[in-house]
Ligand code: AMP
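Below, in structure tokens: the form predicted alone, a single chain.
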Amino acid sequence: MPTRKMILIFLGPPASGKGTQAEILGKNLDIPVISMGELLRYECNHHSKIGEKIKEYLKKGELVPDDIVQNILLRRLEKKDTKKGFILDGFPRRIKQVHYLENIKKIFLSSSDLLIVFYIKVSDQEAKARVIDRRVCECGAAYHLKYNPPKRRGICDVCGKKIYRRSDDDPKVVSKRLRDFHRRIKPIVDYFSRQGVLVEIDGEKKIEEVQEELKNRLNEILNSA
């Protein structure tokens, strides 16, 4: 396990598998995976005042305003389990949030620590095909009816509740999300590329193959740094 603290960021279009890959790598590194999507959905499912506002944005496939995102994220990062590092899944999603990330780096990283950005790439056609069978549970568990189905049809393995399709996984909403993603991702990718911290990964391979590539690329960086 790395001795230096790390912030790992996973970028990718909807259904790229970045969440799955982040979870696997997080367990291997023994650092928490912080999913911006899960943090927002937690607020929605618990019917908080801010959660009701978030629901309206998610239903339309729109991004939640930066001030809401930043406050929720910082609250999560202040927990004790982030001391050795953490993985961010779904943040930043637009170039303005990159500047907020710079503040996070100043708070959580020293000059000897690492920031690495993994960009999981899949085609729009592949992303749409994956979304059709994607399901989630209120407890945070995620499934895919083809690649990662629950043991009992329609029932979460973890808590026993019914699984469901997220409102933002509706095919029409996904098409809009993909258009928005491509518009937003280029300046973010360009920024991290200029910083020399961007690592592109082919996300259309099998889960195990993608994870192996992630580990190999991470080890290369650690050995050369």
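Just count from 1 along the sequence shown to find any residue number. All values derive from a computational prediction rather than experimental measurement.
The same protein also has a form predicted together with the ligand, omitted here; what follows describes it.
Taking the partner from elsewhere, residue 91 is found to have a heavy atom lying within 4.5 Å of the ligand in the predicted bound form.
At the 4.5 Å threshold, heavy atoms of residue 176 stay clear of the ligand in the predicted bound form, well away from it. Contact between residue 43 and the ligand in the predicted bound form is not found at the 4.5 Å heavy atom cutoff. Heavy atoms of residue 64 reach within 4.5 Å of the ligand in the predicted bound form, making it an interface residue. Only one of 36, 163, 33, 29 comes within 4.5 Å of the ligand in the predicted bound form through a heavy atom, and that residue is 36.
Taking 185, 50, 58, 198 one by one, only a single residue has any non-hydrogen atom within 4.5 Å of the ligand in the predicted bound form, and it is 58. Picking from 124-132, 93-101, 111-119, 140-148 the stretch near the ligand in the predicted bound form, with a 4.5 Å limit on heavy atoms, gives 93-101.
Contacts with the ligand in the predicted bound form, taken as any heavy atom within 4.5 Å, map to no residue of 150-165.
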